[in-house]
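Presented below, as C-alpha cells, is a lone chain in the form predicted alone.
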Amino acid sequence: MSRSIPLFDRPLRQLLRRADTRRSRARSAVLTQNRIYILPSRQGWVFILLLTILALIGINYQNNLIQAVAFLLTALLLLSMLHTYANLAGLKVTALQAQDCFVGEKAAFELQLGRTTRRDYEHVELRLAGGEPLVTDLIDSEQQCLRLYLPAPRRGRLASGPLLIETLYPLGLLRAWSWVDIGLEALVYPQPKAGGCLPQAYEPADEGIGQLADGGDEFGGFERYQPGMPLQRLAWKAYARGLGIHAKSYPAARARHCWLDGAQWPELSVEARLSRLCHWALLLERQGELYGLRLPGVELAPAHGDRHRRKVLRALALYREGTT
C-alpha cells in the first residue's frame, strides 16, 4: 500500500497536527475519540471517485445493478472506516526512557504500547519526526515494549518530539492517526576522536602520596581486570594457576590524577576539542585512572567510575550548546 499523502490531504493533516500537539506533554496517553483523526488515503480518494462515477452512471441510465454496486461499495467504505478507527481506539502509549548516544549514532527512545480493551490491534505504525517508522501488532500480549530511533547529527539535548501513531488497516482506504507528545529527551555526547596527547602533569592527590609514587609504587593487592588496563598490570601467575584474570593494584599510582582541560589544543575548534576530550575521558576511564574536567564555568574533581564518566560526558555534551 502506498504511503504517500495526496496534496489536498497534507494541509489538513498539518493543521490537525498543530492543533493536537498543543496538548500538554504526558508520559502516558490513551487514544480516544478526541485524539484520533481519520481521512481517506490516496487509494481511498480514488475509491470515492469511483463511487461517485458509478452513482452518477446508475442514476443517469437508471441502471439498478450499477446503483446496487455503488451502494454496496459505499457500505464497504463505511465499515472500513469503523474498523480503521477501532484499530487505534483504546491504545495506551507510555514513554519509558531515552538512551544517550554519541554524535553520528542514533538515540533510542523506549516506549510501551498497551491496550485498555480486549480488541486486537494490527499493523499499527509508530514514528518520531525525522525517524524511521516501526510497524507492530498487539494481538497475543497485553503490552509491548518498543524502541524508536532518531539520528543524532549534533551534540546537546535531543528531544523526541511528537510521536505519530497511524494505521491503514484493514483495506488501506482510510488512514487513522494521532499525535502524542511523549516528552522524552536524550543527551548526545561529542563524537570521540583520538588525537594529541595529554600533558605530563599527572598531579598527586597530596605530597605524601606523591612522594610515595615517585619512589616506587606499592603493591596493594589484586582487583578484577577491566578492558583497557595496561598489560603490565596483569597478574599472570594468578592466571596460570587458574584463578581468573586479575590486575595488580597500586594505591600510590591510583593517587595520581590528571586534568582534562578545555584550554588544551587551542588550534582546534570548540567541537574538535570537545571530541578529543571525550576520547581521552573514555580512555582514562577504561584504564582505571583518576581524571577531572575543566571547562569555562565547569570543574569536576578527579574521580573514576560510571557515575563520574556520565557527569563528564554530560558536561561535554551541554557545554555551550550549538557552538562551532
Partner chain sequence: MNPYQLSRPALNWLLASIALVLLPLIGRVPGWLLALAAVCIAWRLLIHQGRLSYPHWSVRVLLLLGCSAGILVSFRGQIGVETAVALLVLGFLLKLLEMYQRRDALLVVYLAYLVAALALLFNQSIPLAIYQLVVLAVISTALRSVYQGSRVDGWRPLWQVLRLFGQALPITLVLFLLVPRVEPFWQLSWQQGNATTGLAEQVAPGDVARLTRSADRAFQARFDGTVPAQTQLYWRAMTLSQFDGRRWRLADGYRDQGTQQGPSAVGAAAAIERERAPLNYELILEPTGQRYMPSLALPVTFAGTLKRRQDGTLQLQNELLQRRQFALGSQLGRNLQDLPRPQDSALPQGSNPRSQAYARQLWQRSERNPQTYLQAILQLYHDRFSYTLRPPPLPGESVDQFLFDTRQGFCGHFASATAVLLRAVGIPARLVSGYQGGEWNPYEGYLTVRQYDAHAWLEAWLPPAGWVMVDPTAAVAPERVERSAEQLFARDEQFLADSPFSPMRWRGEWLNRLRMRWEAVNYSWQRWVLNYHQRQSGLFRDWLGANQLSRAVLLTTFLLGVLLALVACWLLRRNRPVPLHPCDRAFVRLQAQLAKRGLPRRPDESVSAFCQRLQQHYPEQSEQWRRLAEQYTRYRYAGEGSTEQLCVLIERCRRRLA
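It should be emphasised that the depicted structure is a prediction, and the values quoted were computed from it without experimental measurement. Between two forms, the rigid core is the largest collection of C-alphas that superpose within 1.5 Å. Numbering follows the first chain given and starts at 1.
What follows is about the form predicted in complex with its partner chain, which we do not show.
- Within 4.5 Å of its partner chain in the predicted complex, a heavy atom is found for not a single one of Cys197, Leu295 and Glu299.
- Figure note: of the listed segments 152-160, 189-197, 175-183, 117-125, the one touching its partner chain in the predicted complex, with heavy atoms no more than 4.5 Å away, is 117-125.
- Note on contacts: among Val103, Leu168, Val93, Leu148, the single residue with a heavy atom within 4.5 Å of its partner chain in the predicted complex is Leu168.
- When its partner chain is considered in the predicted complex, Phe47 lines it closely, a heavy atom lying within 4.5 Å.
- Its partner chain in the predicted complex comes within 4.5 Å of no heavy atom belonging to Gln99.
- Using a 4.5 angstroms limit between non-hydrogen atoms, Val135 touches its partner chain in the predicted complex.
- In the predicted complex, its partner chain sits within 4.5 Å of a heavy atom belonging to Gln62.
- Annotation for 56-78: interface residues with its partner chain in the predicted complex are Leu56, Ile57, Ile59, Asn60, Tyr61, Gln62, Asn63, Asn64, Leu65, Ile66, Gln67, Ala68, Val69, Phe71, Leu72, Leu73, Thr74, Ala75, Leu76, Leu78 [heavy atom within 4.5 Å].
- In this overlay on the rigid core, Asn64 has a C-alpha that sits 2 Å or more away from its partner position between this form and the one not shown.
- With the core held fixed between this form and the one not shown, Leu51 has its Cα displaced by at least 2 Å.
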